[in-house]
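Single chain ahead, by itself, as structure tokens, in the form predicted on its own.
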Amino acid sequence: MKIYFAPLEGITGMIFRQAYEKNFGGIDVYYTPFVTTRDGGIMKAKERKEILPENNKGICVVPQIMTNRAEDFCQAAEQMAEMGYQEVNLNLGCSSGTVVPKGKGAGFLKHTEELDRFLDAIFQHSNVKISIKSRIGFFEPEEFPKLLEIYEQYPVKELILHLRTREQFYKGAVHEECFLYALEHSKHPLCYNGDICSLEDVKRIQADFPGLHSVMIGRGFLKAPGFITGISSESWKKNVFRFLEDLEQGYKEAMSGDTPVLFKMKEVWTYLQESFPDGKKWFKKIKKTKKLQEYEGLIREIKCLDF
């Protein structure tokens, strides 16, 4: 079974991916945070830099595209093919309130006829393989059979299913009955996504769905980096602090001034706090820091904790 790292906008960029792979590994494919398209499919220079192969050496990366315009998707996919990518991923899962009203991400799921026409166009004209990351519906899981019926018409490389509706965002139980339905009715390789936070979760899913092609994990890897490898707590402690050092250094080299670096490290700690004793208490202190030196002092204190 393959292990995928889910994209999280603003966090799992190229600096994060390199630091994570160096210190933890265990990932078969990293999916990039979505690339937005402009007229003609041309992406922003910053987004292009994020997916350039030279900035992702030594790791397997699949770039993700989010748009509801077939022409823009195809041109962006063509640009990615020119970089050497053989697969791109279509984002039909983003639940953001700034995205959904535009009919993009999970917002596209409300418009099934338009989605069908869009998929027909991109699968006819794109010269790369296309995987899809989708939620199981917009309002209700009962929407899923209709969505799957649409997906089944096309040569989807892999169907990654986040087992919640858009209205659930990231809360509430996942709907495993929809995954069972997909296993029974889909010809595509299927990937399970949603609420995977430990090695025990992975083993349980493997046991419940024998022969499963892949799982995609996002927040679980941010809360407990490296859990998929089953490393000892002592080794994990060494690796996580090396990871934080590499991450901070990477941001320092890429950003101007300490303030944006501090912001990025605080963002990582919104998740990572869950792996540490009294993590919420330490995170409150980290959030209050105004200078990078203050943050670094707190990390030295945390590093001395016995856990």
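Position 1 is the first residue in the sequence shown; the rest follow in order. Quick caveat: nothing in here was measured; it's all calculated off a predicted structure.
The same protein also has a form predicted in complex with a small molecule, omitted here; what follows describes it.
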**Request:** Let me know the one among 216, 130, 74, 228 whose heavy atoms come within 4.5 Å of the small molecule in the predicted complex, would you?
**Result:** 216
**Item:** in the predicted complex, the one of 91, 126, 79, 168 near the small molecule [non-hydrogen atom within 4.5 angstroms]
**Value:** 91
**Request:** Find out whether any non-hydrogen atom of residue 41 is located within 4.5 angstroms of the small molecule in the predicted complex, and reply yes or no.
**Result:** no
**Prompt:** in the predicted complex, does residue 302 have a heavy atom within 4.5 Å of the small molecule?
**Reply:** no
**Request:** Report whether the minimum heavy atom distance between residue 298 and the small molecule in the predicted complex is within 4.5 Å.
**Result:** no
**Message:** I'd like to know if residue 251 sits close to the small molecule in the predicted complex, meaning any non-hydrogen atom pair within 4.5 angstroms.
**Reply:** no
**Request:** Given that the partner is absent here, state which listed stretch (200-208, 218-226, 113-121, 138-146) has heavy atoms within 4.5 Å of the small molecule in the predicted complex.
**Result:** 218-226
